[in-house]
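The form predicted on its own is given below as one chain in C-alpha cells.
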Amino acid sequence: MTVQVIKGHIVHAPAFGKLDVLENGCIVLDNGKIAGVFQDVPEQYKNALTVDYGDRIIMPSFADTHMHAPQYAMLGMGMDLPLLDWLNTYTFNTEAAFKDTAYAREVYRALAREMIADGTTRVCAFSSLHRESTMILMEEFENAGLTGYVGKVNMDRNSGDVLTETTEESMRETMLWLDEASDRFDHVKPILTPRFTPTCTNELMAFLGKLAAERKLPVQSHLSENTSEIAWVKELHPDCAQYWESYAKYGLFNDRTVMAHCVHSDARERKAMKDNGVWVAHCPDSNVNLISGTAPVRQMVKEGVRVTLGSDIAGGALLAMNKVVTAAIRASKVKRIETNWTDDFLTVAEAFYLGTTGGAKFFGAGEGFAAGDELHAIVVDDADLPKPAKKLSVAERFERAVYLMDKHNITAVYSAGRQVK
C-alpha cells in the first residue's frame, strides 16, 4: 500500500456554485485514490510520504468534454466564417491530412503534451475518420497521462470529396478499431462518434445505435449548434419534429451520450435531454467564433440538464480549459444582456464547477475531491501574477488564477492518481 500526503491551499467545487477553500490543508492518497481532504494530517498518516507545496493552490484538473483533435493543426484559422462554410473551407481539408500516420503522430503528440501542460486530464475527443490515426491519438493520450474517450469519426455523406467513407467502409473500420482499441489502453477508451446527423446516413446511424447498445459504448456528437444546421437536419429527417429525435430514434440519445453545443435547444429539446440523461458539452468560445449564438446554460442547469464544458478546438481557439471557463462566464453575461437581465450570469465558482466536477462526473467521478476517486488535480504557483496592494485571500487568488494562469503557473499535474507533470 502506498500512502501519500499532499499539502497546500486546497480549493475545489463539490457542488454547482459552491467553492470549498481549505488553507494549509492536505489531501491524503491511498494508492492514488483520495482517502480524504483534511485541515491537519490525521494521526495514522503522520509517517506517510509527504509532498508540501507550501503557498501554492491545489485545485481539480480540467475536463474537456468536446474537442476535435485533428483540428489542433488549424487553431486560429477560418474564424470569420459561420459553421457550415468553416467546415467545407478548412475543417474537412485539414482532417483529410490525417490519412498520413506520421503527420498524425506529430500533431497528436504535441496536442497531448500541451493538454497536460494546461492542466486538462480528462477528455472526450473526436479523431478523424482514419482508423490508424485514431489509434495513434489514443496511444499519445495514454502516454501523456490523459484519461477519457477517443472516437473514430463516422461520416458517409455530405462531407465533400476529400473526407468521406462509404457506409460499408465506415462500419468495417469501426469494428476493426473497436476490436483493436477496447482492451489495449488502461486510461483511454473508445466512444462512438457519428460526426453529426447530416454526415451520417440512416443505415450508418442504425448500425451505430445497435453497436452502442450491444457493447454498452458511450456516444458523442453535435446538437442544435447552428440554425442552418437545424434546418438541414429537418430536410434530411422530415419525420423528426426536432434535431434530437434524429439521434433518439436510433438509440443514440441516453445517459452515455455527450451532445456538443445545444445553443438553440428550446424547452422541449432541453426536457428530452434531461429525461434521457444526456450530457451537454457547452463550448462558449466556439459558439462565438462561428457565430452560432449563446447557449442557455443557466436555464439548462435550472432544469436539471447535466452541463459540462468543451474547448471544441478549432472552432474554439482556446485549448487551455481555464480560458474556456472564463469564456463561459463571459458568454453567460452576454446571455443575460440578451434576455434583458433575467437570465443571471455564471459566477466563477459555477463555471469552474462545470469545467471540473461537472465534466468529471461523466467519467464516473464524485463531487470535487471526493473520497474514493482517483486524484485529478493541478498545483498552481501564482507568485508571478500581478501583485495588488492588499494581501489576497486564497479565494481571491483562486479567482485570479482561473482568469490569468498560463501553463508555466501549473507546476504539477495529477491524473488518475499519477503525477504526470
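Predicted model only: the values in this text are computed from it and were never measured. So that there is no doubt, residue numbering starts at 1 and follows the sequence shown.
One more form of this protein, predicted together with another copy of the chain, exists but is not displayed; see below.
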N289, T147, S159, S224 - the one with a heavy atom within 4.5 Å of another copy of the chain in the predicted complex: N289
Position in contact with another copy of the chain when the complex is considered in the predicted complex, options E180, E338, E303, E203, heavy atoms within 4.5 Å: E338
Full three-residue contact with another copy of the chain in the predicted complex, heavy atom 4.5 Å, for S61, E139 and V307: no
L392, heavy atom within 4.5 angstroms of another copy of the chain in the predicted complex: yes
Contact of T94 with another copy of the chain in the predicted complex (heavy atom, 4.5 Å): yes
Contact label in the predicted complex: D239 to another copy of the chain, heavy atom within 4.5 Å: no
P388: touches another copy of the chain in the predicted complex, heavy atom cutoff 4.5 angstroms: yes
Which of 186-194, 162-170, 254-262, 311-319 sits within 4.5 Å of another copy of the chain in the predicted complex, heavy atom basis: 311-319
Partner contacts in the predicted complex for 58-73 (non-hydrogen atom within 4.5 angstroms of another copy of the chain): Y72, A73
